[in-house]
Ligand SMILES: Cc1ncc(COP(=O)(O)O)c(C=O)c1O
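Coming up is one lone chain in structure tokens, specifically the form predicted alone.
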């Protein structure tokens, strides 16, 4: 196929030239009804914010330009089929899970998944079988899934329908995806990949293996993160063992019927850009990240980690574009460095947690911004660094699952003060966002260690989300002491 084409974008350009009089939605009528919006976004943008119509196809049942864009995306990513998603990768992940499991069926997965996976389990009623990842003692972060642990979970749960893998984790850590895919297929299971942070894997041979190359059956790819499309746009990829018609039906259960053509065209243009220039661009990003790591490690105290973590199993590979940095030897929690970089130096990084920060590098970054980041981090150490005494360094806590996520979420519950919840079963989510990995998910027992983590994270300024009580002074737990 001709990857220089961008059929949705080209159809929009042709439509703009037609000067069609709009008696359809959206109601701003190409910006005339909302001049402030038109001024903010610009005439080109509001003119392209249009409704589905014959010349522009329909995302729910594409037959022309959207279908062509999906075929081009499938070829670019080496998939049997690609679906354009406008509800973020959350929507892609949930459609992926809902396509393969239903109420009462089992899915094998690591516990350090994004909240979207847990949300899918609440929606469909599937039963999670967790492969608890090892934790790196220095970094305090969860690692990948050991193949032996996946094999044990499969052996103990031969009726499971699928295995889900993070490829990579938020920190850049990859499991042995090829081996896990082979294990799943050998036991009649599908293999799913959450590739929210792995878009670039498809476009450079020196990066970790992509889900489609490894033979996975479905993959959720966050094009807006490292691929350059607009926020909230994503792809859902499928392999040859999955029915695209069934997946489309699942997607249409929850995805909007009023798809944004701004998002769709951004996916189309971003795919074209990556297909034509992705190898060159991500090669440059890798060089930039390697340079940044060397400079940050030379400051002292910080540890910008990379492929030296690889051990052939729980850290099978590492995404070198991820500028993940441990901050504890500087005497600061990651979230404290995150806040200082923003408040003191006007630098917005992706996230800070209890012991680490992540500066997200992609095709839009330039050396001078990296120099500014390195300089600011050196200043943070000089001005604010202290002893690491008293810092919590464990990011991951093994869960105690008492009830399925769906049963717990919909069961009768009561709200209790945080201090009175130890030993009770949580009925809601609690997480720091980003990265959006639940500290607690519905159906898990609240332990004193988890309560210490929540208090510490709040004290350090982590953005806590999920509970009904926005201040997290109370938690919803199952009634009756369960």
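Residue numbers count along the first chain shown, from 1. Computed from a prediction, not measured in an experiment: that's the story for all the values here.
The same protein has a further form, the form predicted together with this ligand, not shown here; the description that follows concerns it.
Stretch in contact, per heavy atom within 4.5 angstroms of this ligand in the predicted bound form, of 266 to 274, 188 to 196, 376 to 384, 237 to 245 = Correct option: 188 to 196.
Considering 88, 128, 228, 399, which brings a non-hydrogen atom within 4.5 Å of this ligand in the predicted bound form?
-> The option sitting close enough to the partner is 88.
Proximity to this ligand in the predicted bound form, single hit among 116, 404, 326, 210 (heavy atom within 4.5 Å) | The residue in contact is 116.
Though only this chain appears here, would residue 456 touch this ligand in the predicted bound form if you measure heavy atom gaps against 4.5 Å?
-> Flag for residue 456 set to no.
Is residue 108 one of the residues lying within 4.5 Å of this ligand in the predicted bound form, judged by heavy atom distances?
-> No, residue 108 is distant from the partner.
Do residue 93 and this ligand come within 4.5 Å of each other in the predicted bound form, heavy atoms counted?
-> Residue 93: contacts this ligand in the predicted bound form.
May I ask you to state whether residue 305 is within 4.5 Å of this ligand in the predicted bound form, using heavy atom distances?
-> No, residue 305 sits far enough from this ligand in the predicted bound form that none of its heavy atoms falls within 4.5 Å.
Interface residues of 221 to 252 toward this ligand, as seen in the predicted bound form [heavy atoms, 4.5 Å] | 222, 224, 225, in sequence order.
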